[in-house]
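Only one chain is shown below, in structure tokens, and it's the form predicted alone.
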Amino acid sequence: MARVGRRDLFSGGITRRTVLKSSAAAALAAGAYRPLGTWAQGGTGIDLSQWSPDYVRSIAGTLEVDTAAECARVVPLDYTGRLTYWWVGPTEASPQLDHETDAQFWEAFSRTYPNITIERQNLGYNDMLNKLRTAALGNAAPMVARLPILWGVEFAAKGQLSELKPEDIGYGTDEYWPGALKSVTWDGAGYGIPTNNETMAFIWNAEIFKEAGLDPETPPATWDDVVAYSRQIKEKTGKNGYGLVARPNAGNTPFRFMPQCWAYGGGALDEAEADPSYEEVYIGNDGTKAALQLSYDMYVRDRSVPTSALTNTQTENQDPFIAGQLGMMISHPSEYAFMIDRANRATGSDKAIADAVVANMRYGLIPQGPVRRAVVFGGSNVHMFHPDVVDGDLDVDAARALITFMTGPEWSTRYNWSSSNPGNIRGFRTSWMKERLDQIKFLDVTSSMLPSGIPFPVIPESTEIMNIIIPDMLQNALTETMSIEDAADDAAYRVQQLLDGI
């Protein structure tokens, strides 16, 4: 499929079934439309070299934003259009706050662009990728989709996304994290805009630590400590120590294993290096095997993690944690909001236990290994699909209106209220960020992990590697189908075959 560049898409180089409803001509006539790339904000007012929890708090509340005015510079507010949109939105497992924020977002967009109608589908994380692959192959893709950070490069490499960079929606490249922009770059071109960027933190139950004879206010400093603490919790209390997850084809698994792997110098490829080539396979190296050994020690040798870990996602860790039966896990700041929600819905003796767990919930930095402290640089990006794979005619201005609205400093902050960080760096200066810091306990801890964030390899094969090969490696080792050595070597062989196109 031929690449459709920004000039083709936005400046009149119309291909078959491209833009039929572009308002560019009308906007030019009204004097409201300016050439692309001239609306960049020209700096964020943020010094990333000073990044720290204290710095984040010092700049929060120093910026007032007029979102409608920023959107109007890109697409007139009276624009009439139609949009189809898919995203991974709130589920039954999400805290009520996420559902309320989602509703507020759509209400606000409707007020800003009352004449744009949107047909939207909220799909589950474990269902959306395959549905989107099928839809794109059948020329039935949505015009716009918000995808987890790992997914976009596959569609870009297949020629199924339109080129799109921050300047195309009125923002500057310097308003987004470099690692986030890397995740939407393929073959030197940008194919999306970061909506939010997140790093997780280490969570523990201080009361269980106390019962096990551990310091209730001090988390494990290293991954070796995690193994030791998990074993001690099991031996002293009978409760599970660490919330290991190893379910295949579920994003929770690589998000929790890769920080452990990178900490020991392992990796899928060389993504943890300062200047990765994405050509050298690390998964079979000594660092990966050392990290795999830790999981084996907890699951097989010590039996200090849930026996259901082979089929567990993080969702399955929530029930035992709120019941006071699980000592440690990795998750987002939203986990705290979720636990409060669960405690508020509990009754009788269950409520007393849940309230006690919430009171004893602690957040700390993810442990480090002998090589580094690491966490997955996660989040989501919003993409505009290629006109030739969209169901119907791609309404570019309607798409740009939604993307501009979504990725500005206001809604990249408000829409990710409890679970993530604003994709637009100016969001850290807004009053909404200040309010979040005051409301959401432990948000500053997870934000402080951002400098330790490592993106997954930005190659089309990354989804297959992270969702299938990495979990399969864990399954082979934890079920003792293969030795640690053989499981890692088998994964390395499969990754190399995948890269070679075999």
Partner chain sequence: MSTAIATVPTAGRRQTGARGWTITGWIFLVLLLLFAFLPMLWMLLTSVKTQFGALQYPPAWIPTEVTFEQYHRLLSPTNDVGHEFLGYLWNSVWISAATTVLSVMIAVPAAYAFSRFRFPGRKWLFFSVLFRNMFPAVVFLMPLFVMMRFLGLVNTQASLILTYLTFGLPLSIWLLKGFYDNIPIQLEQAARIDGATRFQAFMLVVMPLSAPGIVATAIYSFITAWNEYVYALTFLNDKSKLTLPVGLQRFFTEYATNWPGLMAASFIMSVPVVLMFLILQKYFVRALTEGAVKS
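Model, not experiment: these values are computed from the prediction. Positions refer to the first chain, counted from 1. Here, rigid core means the biggest group of C-alpha atoms that superpose within 1.5 Å across both forms.
The same protein also has a form predicted in complex with its partner chain, omitted here; what follows describes it.
Next on the checklist: Can you pick out, from 285, 325, 293, 360, the residue that has a heavy atom within 4.5 Å of its partner chain in the model of the complex?
Outcome noted: In short, 325.
Next on the checklist: Exactly one residue in 368, 318, 232, 112 has a non-hydrogen atom within 4.5 Å of its partner chain in the model of the complex; which is it?
Outcome noted: Filtering the options by heavy-atom distance leaves 318.
Next on the checklist: Check for me whether its partner chain, as it appears in the model of the complex, comes within 4.5 angstroms of all of 122, 135 and 353 - heavy atoms only.
Outcome noted: Verified in the model of the complex; spot residues all in contact, yes.
Checklist entry - in the model of the complex, which of 393-401, 345-353, 177-185, 103-111 comes within 4.5 Å of its partner chain (heavy atoms)? => result Among the candidates, contact is made by 345-353.
Item to check | 4.5 Å heavy atom contact, residue 430 and its partner chain in the model of the complex | outcome: Contact check for residue 430: no, nothing within 4.5 Å of its partner chain in the model of the complex.
Checklist entry - Does residue 91 make contact with its partner chain in the model of the complex, using a 4.5 Å heavy atom cut-off? => result So residue 91 counts as contacting its partner chain.
Checklist entry - Are any of the heavy atoms in residue 237 no more than 4.5 Å from a heavy atom of its partner chain in the model of the complex? => result Contact with its partner chain, no.
Item to check | Residue contact check: residue 307 to its partner chain in the model of the complex, 4.5 Å heavy atom | outcome: The answer is no: residue 307 has no heavy atom within 4.5 Å of its partner chain.
Next on the checklist: For the stretch 207-229, I need every residue with any heavy atom inside 4.5 Å of its partner chain in the model of the complex, listed N to C.
Outcome noted: Residues within 4.5 Å: none.
Checklist entry - Comparing between the shown form and the other one on the rigid core: C-alpha of residue 91 shifted by 2 Å or more? => result Yes, its C-alpha moves 2 Å or more.
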